[in-house]
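Below you will find one chain, with nothing else, as structure tokens; this is the form predicted on its own, and questions on how it binds or moves follow later.
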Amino acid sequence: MARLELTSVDKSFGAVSCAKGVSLTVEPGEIVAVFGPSGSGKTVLLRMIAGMFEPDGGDILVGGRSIVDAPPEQRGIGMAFQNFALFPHMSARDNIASGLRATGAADIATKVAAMSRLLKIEHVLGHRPRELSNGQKQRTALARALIGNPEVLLLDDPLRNVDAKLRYEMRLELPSLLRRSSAAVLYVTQDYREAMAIADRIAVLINGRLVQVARPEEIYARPASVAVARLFGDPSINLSEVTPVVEQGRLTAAVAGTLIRLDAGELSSAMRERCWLGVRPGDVVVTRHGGEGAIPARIVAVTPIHERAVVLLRFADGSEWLAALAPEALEAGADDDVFVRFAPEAALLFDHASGDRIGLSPRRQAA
């Protein structure tokens, strides 16, 4: 199989820039999720690789060969769309086989049968798309993309239009299924949980620029910027303006008037500079007990979400944080006065002006 390489790829539509110097490598058998907010350029990037759009600059290579000038059918690329894009007048069997027939492949029936068994849709091969559930449509589209054994596989938010149960199941099944093909897989999604569950690495795309490419646990624990930190986690990361200083040999900062010890690590460059302090809600401890490093707060509201309780806290200066904890760990209710703590190593510091993370403080992997 072949490596996919993007080198300084640019694309604009009039005054709107969708890709700005995008460089990325996907190895054979690797799954890279392209994740970012709506309008960040994810689908445009896929369509340039597939041959639907031409890049304004840069190069796209498969196996070391530039494919920019190659017609789509000669690029060795399979693609599955979020809206399935199945031919309505064809059965599932014919949809899956359509790409093979276009290339004059042999043993089409055998290949379709094998792929349908792999994806557990052999019982609906005679059905047309209108007779299929969304889950069956999604698997049919995926089978069509995989059956030609493409060198590169592009998946454009393929689970977006399926129900929550199937989406969860496919997050578990897809990684092993995709790795069997040994293709270089580029997987676009707007769901950070999906990206973290499926991908070997995540490429975070914001406003047409790749701002961080790393393993899922690294992006969660050490986001490159405030913008990246906000995209990962639900509830989103808490942020407070601070000015770190050294007190008695320790790095500290005042949060809502309370002096908090921070993990020094490599954060000496942050001393006496205005920063954003970030703490994820899952790292916040809410207690009735005060003491050193405990920030006084009042509980504004408690909202149960799945297995967690999300607590809205208000500090004396009017700023608000969120805590996410097991319901049994909450010792108080709405309008109660409490104290907030967090471990020094849970804190992240970001430059106030640029939003870039400062230092490399180690943290545990994403929960």
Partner chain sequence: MDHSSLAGRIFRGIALALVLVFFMFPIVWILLMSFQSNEQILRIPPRLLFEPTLANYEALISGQLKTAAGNLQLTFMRNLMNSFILSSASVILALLLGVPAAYAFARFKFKLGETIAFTLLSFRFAPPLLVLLPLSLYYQQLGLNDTYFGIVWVYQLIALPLILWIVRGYFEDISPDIEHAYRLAGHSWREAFTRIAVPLAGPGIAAAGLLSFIFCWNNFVFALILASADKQPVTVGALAFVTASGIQYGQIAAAIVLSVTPTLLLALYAQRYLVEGLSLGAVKG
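No experiment lies behind these values; they were computed from the predicted model shown. Residue numbers count along the first chain shown, from 1.
The same protein also has a form predicted together with its partner chain, omitted here; what follows describes it.
**Q** Does its partner chain get within 4.5 angstroms of any non-hydrogen atom of Ala50 in the model of the complex?
**A** Heavy-atom contact with its partner chain at 4.5 Å: present for Ala50.
**Q** Any chance Trp276 has a heavy atom within 4.5 Å of its partner chain in the model of the complex?
**A** Result no; Trp276 lies far from its partner chain in the model of the complex.
**Q** Given that the partner is absent here, does Met79 sit within 4.5 Å of its partner chain in the model of the complex, heavy atoms only?
**A** The answer is yes: Met79 has a heavy atom within 4.5 Å of its partner chain.
**Q** Please determine whether Asp200 contacts its partner chain in the model of the complex, using a 4.5 Å cut-off between heavy atoms.
**A** Looking in the model of the complex, residue contacts with its partner chain do not include Asp200, since no heavy atom lies within 4.5 Å.
**Q** Given the stretches 204 to 212, 254 to 262, 108 to 116, 95 to 103, which is the single one in contact with its partner chain in the model of the complex, using a heavy atom cutoff of 4.5 Å?
**A** Heavy-atom contact with the partner occurs in 95 to 103.
**Q** Kindly confirm or deny that Lys20, Val44 and Pro55 each have some heavy atom within 4.5 angstroms of its partner chain in the model of the complex.
**A** Zero of three within 4.5 Å in the model of the complex.
**Q** Of Leu177, Val246, Val285, Ala85, which residue is found within 4.5 angstroms of its partner chain in the model of the complex when only non-hydrogen atoms are counted?
**A** Only one option qualifies, and that one is Ala85.
**Q** At 4.5 Å, heavy atom to heavy atom, what parts of 216 to 243 sit next to its partner chain in the model of the complex? List them in sequence order, or say none.
**A** The stretch 216 to 243, when checked against its partner chain in the model of the complex, contributes no residue at the 4.5 Å heavy-atom cut-off.
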